[in-house]
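First comes one chain, alone, set out as structure tokens in the form predicted alone.
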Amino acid sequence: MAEYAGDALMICKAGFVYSEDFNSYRFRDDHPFNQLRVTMTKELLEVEQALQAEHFLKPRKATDEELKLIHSSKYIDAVKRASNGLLTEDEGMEYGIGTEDTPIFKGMHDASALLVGSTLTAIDAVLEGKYEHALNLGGGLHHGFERKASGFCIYNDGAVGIEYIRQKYNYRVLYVDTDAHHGDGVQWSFYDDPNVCTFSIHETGRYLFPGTGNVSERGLKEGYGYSFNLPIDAFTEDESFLELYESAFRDIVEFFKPDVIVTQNGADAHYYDPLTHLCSTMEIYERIPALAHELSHRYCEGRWIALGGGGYDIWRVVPRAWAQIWKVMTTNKPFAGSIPKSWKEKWQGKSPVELPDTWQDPSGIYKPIPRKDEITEKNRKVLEKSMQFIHNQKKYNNFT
């Protein structure tokens, strides 16, 4: 295993899970969830010569038994029937299928099971010791529940993957979710489990789906104290986002001492994202994977599985943000400078917006936020409340 070397260049052995069939998870042409972003990211990395044939891991479909680690048999059967046009509208509503967010599409079971299996492929690659890290951008569907689809998510690959880790490897898992939407499906799946710690930083549910993820959601019974939420204010900018993320992540990983870190890397906190109200730039998408990389080596012997997630500006934001995960994962350094012209020329004809010329955003992509100081102070209070349990534990341990 590579030894973590701070900010220095280091080469880590990582696997990139990919299949063209990820694009079969597609609700309809005008739906905001579009897996074309995975293909665009993969091609951007190839043009940059950062992704080679030896990096690819071929995903498999999850079996029904694996899906049942989280999802009920009746729900899986409903998804299968919906796949073949055999689910009634009333039945669909019961299971969250056939809604505006999660419409029915032909073959949805197989497409969804592949995304779960791709996460299991990434997990086995790392936990069997073949790779230090693995990236599955097809995964990260964190809103799925035991018997209900939600928020574009049919099966919850992150939750299935974590339970798979618990049963097959008996590792303690830290799940870190930086999607702008609260990682509700994963949190509730392990809310009473002291061997799974969930940490989600997201836009407050006051304005945004799913409306959960309050600081007060701390876990239940034996799991109390192992759920952490940072609901940040709308219009939060890079500086405040990173202040909370870095401070909380370091405290949580030191408190929990995981065996493996699983991250969900939704790229929808960016100012350009059409579904959220945060004001971050590409700066956070360099630091988010950098900290996960550092802490995985420091606490978990490098064991880190990274998933995709949200991200609805698939042209200007997601390919750059997700490519940075792979670059940091493999070299500990982000891309800088110009975006390759050949990649931009290929995709510009399909894009409704002008594609970026550089990896970093230019200054001034949005007008100054008039409530910046107020938002920053409010977010700091959220951090203080969220970390209070850890601070109390430290005081207790020092006293005893």
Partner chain sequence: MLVEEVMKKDVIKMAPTETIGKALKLLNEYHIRHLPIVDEDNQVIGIVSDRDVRDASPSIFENDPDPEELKNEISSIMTSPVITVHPLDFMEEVASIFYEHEIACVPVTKEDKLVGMITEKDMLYTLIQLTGTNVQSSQIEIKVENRPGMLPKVTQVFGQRKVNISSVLIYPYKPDSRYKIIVFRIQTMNPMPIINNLKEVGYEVLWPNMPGMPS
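Residue numbers count along the first chain shown, from 1. Since the structure is predicted, the reported quantities are computational estimates derived from the model, not experimental observations.
Beyond what is shown, the protein has a form predicted together with the partner chain; the following relates to that form.
Exactly one of the stretches 345-353, 58-66, 363-371, 44-52 approaches the partner chain in the predicted bound form with heavy atoms within 4.5 Å, and it is 363-371. Although the partner is absent here, P231 sits far enough away that none of its heavy atoms falls within 4.5 Å of the partner chain in the predicted bound form. At least one heavy atom of R206 is located within 4.5 Å of the partner chain in the predicted bound form. At least one heavy atom of P274 is located within 4.5 Å of the partner chain in the predicted bound form.
Although the partner is absent here, G211 lies within 4.5 Å of the partner chain in the predicted bound form, judged by heavy atoms. For the three marked residues, D101, F145 and D184, a heavy atom of each sits within 4.5 Å of the partner chain in the predicted bound form. Interface residue among Y312, Y95, F249, F256 relative to the partner chain in the predicted bound form, by the heavy atom within 4.5 Å criterion: Y312. Note on the partner interface in the predicted bound form: the residue among G266, G219, G151, G302 having a heavy atom within 4.5 angstroms of the partner chain is G151.
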